[in-house]
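Let's start with one chain on its own, the form predicted alone, as structure tokens.
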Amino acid sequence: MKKGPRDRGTKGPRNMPLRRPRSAYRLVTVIPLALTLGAAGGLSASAADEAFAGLAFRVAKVVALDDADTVMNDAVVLVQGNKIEAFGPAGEVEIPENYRVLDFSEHWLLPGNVDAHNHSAAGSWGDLNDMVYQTNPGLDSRCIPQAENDWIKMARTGGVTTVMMIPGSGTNLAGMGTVVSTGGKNPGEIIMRSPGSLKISQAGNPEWYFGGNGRRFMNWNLRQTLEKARDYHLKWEAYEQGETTERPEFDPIWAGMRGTFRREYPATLHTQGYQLMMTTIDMITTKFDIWTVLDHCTFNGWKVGPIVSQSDAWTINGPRQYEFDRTARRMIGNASGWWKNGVRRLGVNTDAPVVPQKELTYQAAMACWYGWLPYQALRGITNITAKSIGVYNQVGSVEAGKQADLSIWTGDPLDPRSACLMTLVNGKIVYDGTQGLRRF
């Protein structure tokens, strides 16, 4: 961990050993093994678990990744229902007698990881064709999420608990994404917000699929689509506020985009390279005043960092974490380039299935290998990404009252030798890698 966040607590080591422990955790409250353990894909609620009023985790280190940068050694975290009840130094937090106690006295506890750019973790894209027109404002991915599918189960083995699931990038506007949790038994339980985002792709893929379309046409076409949606929204807003008595005609294509102009959810932008990124900031962020999440942000996009840093856009880099800069004739770490150019709203993504969802921590580790800061990289897959897609009030940090989305690791998640031992979503253990069922 980099110097900076305060490390509270006097017991326990600051940096945990990375050796594999003889026993991953010990159940202080002894109950039959068959009733406490489940398959790696998830644990079903059992009569034994329901007998407990909550869960208590004894851990070597909590990296809360909250806005206070809390790091605490030798701590206890209490979970009741689907919420984090409390956490603090082990000597100060009283564990109720009817709580199930799990001892991870050599391991780290962090919030679940949040991926702001994902195409696979929660569904089958065979159910959605976003390759109809160059702009497709009527499409919506809310019909896609599938609980307990293989992608979700694999995501949990890497501590991933929340994803922004978006349509593909073959068109300039592919419809609405959906914010999805990786824990739940049905679509109603895993969908956290719908619409989750408006998916836009400035270029990079659309010209491949619609051969002959250059960036000038794509920018014009995208602009005129957004103008129609904005004008529709403004007509309805004037009517709803009593500024006009003429009721506009309802149009389901444009009605679904009204939240975009109310800034209720972001536009997630497939944009990369400094030219495209300048166009994105000028058109989407500035002129349309849309809540903007810059996805990809790769190649030499980091060169416009001074412009991006003065906007309110969020920069989520990935899946490429490095670029050969031909002007400097050397390799550049993209995240490092953004950071050095003043961008602080910075995270990383997998673009799964381009990079497997479970390897979100590896993406952050690679960004550090190429010059980024380890603690900021941890924030860049939890706190920052949760804020960028508007779910930080629920997830993205360890704080009392927040949704109990947690991950437990053998050590620093940014060390590739570390492994995720357990993942909780909504207070339920959905991955348990401690009993010989660990995937990595």
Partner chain sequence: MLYTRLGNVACLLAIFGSMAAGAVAACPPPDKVALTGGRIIPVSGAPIEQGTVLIERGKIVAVGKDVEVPYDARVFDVSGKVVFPGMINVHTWRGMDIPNENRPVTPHLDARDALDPSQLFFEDCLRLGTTGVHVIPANNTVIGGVGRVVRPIGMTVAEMTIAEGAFLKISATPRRGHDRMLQMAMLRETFLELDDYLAKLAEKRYEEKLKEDEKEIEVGPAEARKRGRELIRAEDIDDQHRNLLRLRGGQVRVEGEDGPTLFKPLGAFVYCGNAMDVALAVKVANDNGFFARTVLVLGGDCYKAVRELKQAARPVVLPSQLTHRETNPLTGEVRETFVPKEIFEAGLLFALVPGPDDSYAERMLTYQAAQCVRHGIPRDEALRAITLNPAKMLGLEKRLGSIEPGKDAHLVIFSGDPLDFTSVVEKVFIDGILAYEREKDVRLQRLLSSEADQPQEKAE
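Positions refer to the first chain, counted from 1. In this text the structure is predicted, and so the values were computed from the model without any measurement. The term rigid core refers to the most C-alpha atoms you can superpose between the two forms while keeping them within 1.5 Å.
Here the subject shifts to the form predicted in complex with the partner chain, a form of this protein not shown in this document.
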- Note on the structure: Note: the partner chain not shown here; in the predicted bound form, the stretch from 187-195, 142-150, 254-262, 216-224 having heavy atoms within 4.5 Å of it is 216-224
- Message: Can you work out whether residue 327 and the partner chain are in contact in the predicted bound form, taking contact to mean some heavy atom pair no more than 4.5 Å apart?
- Response: yes
- Task: Although the partner chain is absent from this view, report whether residue 102 comes within 4.5 Å of it in the predicted bound form, heavy atoms only.
- Result: no
- Does residue 274 reach the partner chain in the predicted bound form, with heavy atoms at most 4.5 Å apart? yes
- Query: So, in the predicted bound form, is residue 306 in contact with the partner chain at a 4.5 angstroms heavy atom limit?
  - Reply: yes
- Message: So the partner chain isn't shown here. In the predicted bound form, which residue out of 230, 345, 83, 320 has a non-hydrogen atom within 4.5 Å of it?
- Response: 230
- Task: Would you kindly say which of 336, 300, 73, 136 lies with a heavy atom within 4.5 Å of the partner chain in the predicted bound form?
- Result: 300
- Task: Using a rigid core alignment, state whether the CA of residue 216 is displaced by 2 Å or more between this form and the one not shown.
- Result: no
- Message: With a threshold of 2 Å on the C-alpha, tell me if residue 245 counts as moved between this form and the one not shown once the core is superposed.
- Response: no
- Core-superposed C-alpha of residue 330 shifting 2 Å or more between this form and the one not shown: no
